[in-house]
Structures are given as C-alpha cells and as structure tokens.
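One chain comes next, on its own, written out as structure tokens in the form predicted alone.
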C-alpha cells in the first residue's frame, strides 16, 4: 500500500487534479495524527520505547507526504526534492520495522536506518536514478517491500501465543503493503511506466494516494492495539506475581494448579508439590530487621530458581513459605530436585554487612494419588511433610508417603520456633 515515493514523483512531474493533492495532504495529516497518538501514548502512561520509534516513523511519513504535496502544488520536481521525498518515505518504513524490533526486545538498529536513508539520497545522483520515475520505482520498491515483510516476519516468528491476536492486524497490513507495491511495480514495468486506459488515468494515481492514507490510518490502530495489549498483559502478570521475589502468588497458584490437576487426572500424569520455608526466619528478621529479612527471602528464591530452572510454576504462598508445582516427572527425580534445593541454600549463606549468615530450609514433597478430589489435597500433604521435616531437626527433606505415613493428618503439625 505504501508506494508514495513514486506516487509523489509522478505528481511532481505531471501535475494532478485536486483530488490527488487532497489525498496526499490527508495522508500527511494521518501520519501526523499517528505521530501525535504514539507520542501521547508514550508520555501518558505506556512508556514503551517502541512508541518512540513509531512516532519517528510517522513523522518521517508526514514529512514525505508534505513535501510531495508541495511539489504537486508547485508542479516542480528537482531531483534533490524527489530524493528527499523517497528517503523520508523509506525512513518511515524503517521506523515501523525498528518499532517492531524494539517491541520484541531486539535492538531497533536506527544506525542502519540512517545509512539506508543516506544511501537513497546518494542513489539519486546516479544517471540511472535521475532518469524516468520508473527506474527509481524499480530501484527502491524492493527495499520498502523488504522492510514491510521483515516487520511482518519478526512479529509472526517471535510472537508469544497470548500476543498473536494483537500482532495479527499489523502483520496483515505489512504483508498487504508489500504486495500492493509489488503489484504496482509489475504493472508499471509491464507498460514501461505508462499503463493504458483507466490504469494510467487519475483513478490509478489517486488510488495510490488513497492507499497511503488507508495505511497510515490502519497503522495507527494496529500499533495502538499492540501497546494496549502489552499493557493488559503486564497488568495481568503484575496481579499474579509477588512483587518482592518475582515468583507467582496464591492467585496464580489457584489458576495454574487447577488447570494442571484436571489435565493430570484426565491423562494419568504425575503431579507433585514441593513446599519449603526458611528455618528460623523470625530470629533473622528480629535481629537484622525487615530489610535483611526481605533480602533473605530474595536470596533463597534466587538460589532455588537456579536449581528449579525450567519449571515456571514457582510460587510464594506465605511470608517465607514457597511451593513448586511439578508435572510429569518421576518421584525419584522430584525428591532429588528437593534435595538439591536444600543443599544449595546450605552451601550459600547470605552476606550481611560483610559477614555470612547461615541459612537452611525445610522441604516437604507430596504426589497426586487416586483419592485426591482437588489440588489442595496434594498441597496439604506437602505441608504435612514440610512440618514433619521441621519437627525432626529442620534442614531436611520429608516425603509424604515414606517419611510421613497416612492420610487425614492435620494440614499442619505444630512446629515450635518455626
């Protein structure tokens, strides 16, 4: 949809009717609207860096269309003027790609964009590019199409599943833009720059300006949709995440455990809970203060996360109590994992004011069995095993079913000085 650089060159050199001029001005205004929208979104709340890239892209499109409108009005087209129109237009497409890359946590690569714009300006000094507009169309359209398709490909390949719906409109728009430009170039080449009949008349020319107007309008909505969806996901993740540790919270535990429990009951997979908490945490808090207490919690969760790498179901379910949900593993592997977790904490003391503070954890393990009606039954048995470990010396792993026998025990055993 975005072959405005050839559109504007033809308008500059031929002189079109007012409807084409109006559409080019409207496209420039649409680009300015997009720049203002992206900029205000960034300043208002989003603070997402991709919005800056898309603001710059829209500003470049606005300048390109504005210069094209001036050239049409004056019916004059010096090569330097045309070079600026084309360079700004290609820079705008690069800005769209840069915003996509930044959104996907990749380097935007604006250095390459500046070099590309400089190369476009320099290319207009060649005898080939100084000739008919058709030559410049053949030279620059592949670059614009590649930028469009590159943005679409990145969004398609690197999108998380939950973001696919928000990314799809911009993917479709970028692909259609590339296809439109390829079709326009094919027609122009087929007829040596002078398509016959209505294709060579005002309708063909004004339709190009209309395509640019539509692209800018849709691009604004597509980019705003992506940013809005990303904010929604961020808020949802924040509501499910413990602020101090970054682990999931009890609300997330309910959602994840309910889903996995149903699936494991349906297909017969194994399901385990590993629960653990910090031994003698209250004396640490009382002696060193809550700041060190928070540091101790973060220290233990960081060590645990290294041992449990690859398992996303890590939960903080209390002040210093944590749970890990493991699905599809063998019992021996889960018990070994729990033991490695305990050993990691013992081996790495917390440093407070340059002095090591020894820390240990007590760990409980429980598995899904045929009598369980809900996932809370497994967690309850893991809690029983955890407090069995505390009553029997702390700094150990207890497994329900071997160290702790029997169903129907109290969910928690009394543990003095836990």
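The structure displayed is predicted, hence computed values, not measured ones. Numbering follows the first chain given and starts at 1.
The same protein also exists as the form predicted in complex with a small molecule; that form is not shown, yet it is the one meant from here on.
Heavy atoms of residue 297 reach within 4.5 Å of the small molecule in the model of the complex, making it an interface residue.
In the model of the complex, the small molecule stays beyond 4.5 Å of every heavy atom belonging to residue 388. Taking the partner from the other structure, the small molecule in the model of the complex has a heavy atom within 4.5 Å of a heavy atom of residue 278. Put simply, residue 320 is close to the small molecule in the model of the complex: some heavy atom of it is within 4.5 Å. With the partner left out here, the small molecule still marks one of 281-289, 182-190, 79-87, 329-337 in the model of the complex; by a 4.5 Å heavy atom cut-off that stretch is 281-289.
Contact annotation: of the candidates 136, 103, 316, 167, the single residue with a non-hydrogen atom within 4.5 angstroms of the small molecule in the model of the complex is 316. Exactly one listed residue, out of 146, 270, 118, 244, brings a non-hydrogen atom to within 4.5 Å of the small molecule in the model of the complex: 244.
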